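Single chain ahead, by itself, as structure tokens, in the form predicted on its own.
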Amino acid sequence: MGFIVAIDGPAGSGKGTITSKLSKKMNLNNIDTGAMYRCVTLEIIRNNIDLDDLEKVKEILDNINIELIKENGKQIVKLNGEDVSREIRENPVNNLVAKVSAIKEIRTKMVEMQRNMAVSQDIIMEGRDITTVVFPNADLKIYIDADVEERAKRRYLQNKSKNIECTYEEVLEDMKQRDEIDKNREVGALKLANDAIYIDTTNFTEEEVIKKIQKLIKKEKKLKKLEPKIYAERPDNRRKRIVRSIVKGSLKGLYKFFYRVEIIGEENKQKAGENGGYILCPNHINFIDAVAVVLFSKEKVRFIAKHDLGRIGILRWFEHLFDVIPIKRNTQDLEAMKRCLKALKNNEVLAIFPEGTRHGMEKNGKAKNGAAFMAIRTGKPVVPVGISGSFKLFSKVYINYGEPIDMSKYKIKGKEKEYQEQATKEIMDNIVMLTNINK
């Protein structure tokens, strides 16, 4: 799979124009998904097909040929060999494309075609559900938005430049209806992906938005190149264990100098480890609370951490030394999941922040189900951990280990997702209770 930039957003937000210009500036192939749906719409109009006649619709999908090519620096859209770049932007298609793109069979076919286009090339792709359905694991996700009045104004001026007859009021009403349809679709609804970067373009020029996204693309491309190093696994040999022991002892001494650490409930870890590995679930206050858990544990603790920490060389070295498992947050990172399950199978101690980010509870963020999923899947107990303190120099820091939680009661076939939610709630309730030790 090549490098993928996925851009979502409502109609008229400017995502199409911005994507086209970024394609040229960043040397990325631009796949205009909107044009693909418009081609299907045009073919349905030309063949006078009723949208309820799914057999006829499927027949069109089986035989349709859509090409997105560049000629003289411009993108040309070809439908069955014919240049339809202008026709797919005119009112007959505009008035029907929202309904056409809501048909499940059409979306399935288009998603298949779009994914095939990204197999062996670096691409930038825009559309209504690119970040949530087509490429949920894209390297960079952007959601471009603007006030509906501003979007209508842009679309009106765009239409006028193409000599398409319309009024601003017509465009505004059409855009409001389109927004409503797009946000409430049963399949492929317009929504903001959890890990997408939101950009409101209402008060920014096109060039300002392009420059901002350019910086994001450069950053993610650099991180993509580092991924082989970030995900590399180094064998836990004798030399590595000696270096880790020395580094751990030295850092623990420094930590004890700067903070007055008090460990509570150490015996609960011993209970959890009687039959092998277990999962530690602490709250997340700052970047050095994980360090405290690792340094003040007699056993080796493997934390799960966001993979982009590995872009910094010294942090990457420490991660490899302590066998940290890198994970791409808010994505289906199967590689990270496999490593976690393997570690637990080997009776190792795994640590994961259910909050997913620092001060997650304070931000009223939704806790992640990863720890509950792995505990239920492997039968390993969870030890909730409450970390509290101001973390001001020479202040008291409490690390409070709670009673191990047996997750076997949540292993109910057919209700895995529902019970994961309940298991996660139990973990979080215990963490909250354990953080109140110094209050």
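Only a predicted model underlies this, so the values are computations on that prediction, with no experimental measurement involved. Sequential numbering from 1, following the sequence displayed.
Omitted from view is the form predicted in complex with a small molecule, to which the following refers.
Between the small molecule and the residues R154, K328, R185, K368, the one pair within 4.5 Å by heavy atoms in the model of the complex involves R185. Of the residues K271, K212, R311, R89, just one reaches the small molecule in the model of the complex with a heavy atom at 4.5 Å or closer; this is R89. Taken together, the three residues R38, S101 and I130 all lie with some non-hydrogen atom within 4.5 angstroms of the small molecule in the model of the complex.
Proximity of L295 to the small molecule in the model of the complex falls outside the 4.5 Å heavy atom cutoff. With a 4.5 Å cutoff on heavy atoms, P404 does not count as touching the small molecule in the model of the complex; it lies far away. Contact check for G34: a heavy atom falls within 4.5 Å of the small molecule in the model of the complex. Contact check for R302: every heavy atom lies farther than 4.5 Å from the small molecule in the model of the complex. With the partner left out here, the small molecule still marks one of 217-225, 160-168, 175-183, 137-145 in the model of the complex; by a 4.5 Å heavy atom cut-off that stretch is 175-183.
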